[in-house]
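This document starts with one chain, in the form predicted on its own, laid out as structure tokens.
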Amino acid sequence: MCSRPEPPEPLRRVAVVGGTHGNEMSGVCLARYWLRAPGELQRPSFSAVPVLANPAATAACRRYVDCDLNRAFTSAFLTARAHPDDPYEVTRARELNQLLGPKASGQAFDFVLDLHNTTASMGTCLVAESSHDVFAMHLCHHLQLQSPELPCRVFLYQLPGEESYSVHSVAKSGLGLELGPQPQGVLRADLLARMRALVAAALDFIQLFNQGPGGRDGLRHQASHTGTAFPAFEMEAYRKVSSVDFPRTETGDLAGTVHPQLQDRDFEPLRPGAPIFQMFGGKDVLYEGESTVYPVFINEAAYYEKGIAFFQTEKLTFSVPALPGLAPAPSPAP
């Protein structure tokens, strides 16, 4: 399934973005800290740039001011003529596109890591557009290997034929970190530490890739005797299929809530006939699909306004091809 070619050159332009949503506090606080003290993001072959994506929303501790910034990186928004009445986040998306892109251009940043929290019980989730980005899949695999005792699942959000719209889509490659559960506007020490460790591990992987075959063996646990720096592997991921709204009244008000047997069971199998909602009158609403799905972002607070109670995903396993190491730089002439 992976088809996007691997990076032919070292990754030099890397950004770590926090505050895309202004009330997801792990990324907000880390971005603010790194803007003051960026040394933690430096590696021998590159220095990642910290970015506070949505300053107005973070100042107000709101998800957004006018519209969702993480849905604003489409060609329709990025290429339209600017107007004074444009939503704040559309204007900000264009600014970020100039800073980190332009999208789909050779001048774009090599990699963007975007930091998020969720109110859903997603644990540690790695969010990618699709399985086609070989480098991102290898990075996901690397992060999973760092803490094998902790679930670290991969969520593929892009539907077939759908244009990418997230902040990390402006770069040549990118990944979102989604950690939860954490209430909006609240900072949990355990999730802050986990996110910080994941960012460090991601930057270490980029450094490892940039080093080429002559890099330090201490980080090269994936190396094989064949000389391939990053061998092929089988990846398990959850691919978005559709969204499911809450039961509603004729006027659009909520008529029920997520069923207790579904609540907090993100990434677990949902089989036909299982309860998914509990009506306020007490009746259970059952899942009527024909096949098993895996719900994610169950009861996410930010998705009420979008008419989403949860996403249905399919669980799949696919082969990720080897990622060859970079050729070592030639030695200087004597």
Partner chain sequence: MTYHVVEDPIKKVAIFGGTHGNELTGVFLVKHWLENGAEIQRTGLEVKPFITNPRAVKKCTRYIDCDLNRVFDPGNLGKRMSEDLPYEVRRAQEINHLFGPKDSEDSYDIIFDLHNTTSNMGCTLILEDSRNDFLIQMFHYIKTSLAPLPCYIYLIEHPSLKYATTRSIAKYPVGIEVGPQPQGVLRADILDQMRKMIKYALDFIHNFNEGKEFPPCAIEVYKIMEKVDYPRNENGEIAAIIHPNLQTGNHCALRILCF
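Residue numbers count along the first chain shown, from 1. These numbers come from a predicted model, not from an experiment.
The same protein has a further form, the form predicted in complex with the partner chain, not shown here; the description that follows concerns it.
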| query | finding |
| --- | --- |
| Answer range among 43 to 51, 266 to 274, 66 to 74, 294 to 302 for contact with the partner chain, defined in the predicted complex as heavy atoms within 4.5 Å | 294 to 302 |
| V186, R196 and F280 all contacting the partner chain in the predicted complex, non-hydrogen atom within 4.5 Å | yes |
| Candidate from A232, L254, A108, A201 lying within 4.5 Å of the partner chain in the predicted complex - any heavy atom | L254 |
| The unique member of V258, V244, C152, V90 whose heavy atoms fall within 4.5 Å of the partner chain in the predicted complex | V258 |
| Any non-hydrogen atom of Q146 within 4.5 angstroms of the partner chain in the predicted complex | no |
| Contact flag, L78 vs the partner chain in the predicted complex, heavy atom cut 4.5 Å | no |
| 4.5 Å heavy atom contact, R32 to the partner chain in the predicted complex | yes |
| Contact of T119 with the partner chain in the predicted complex (heavy atom, 4.5 Å) | yes |
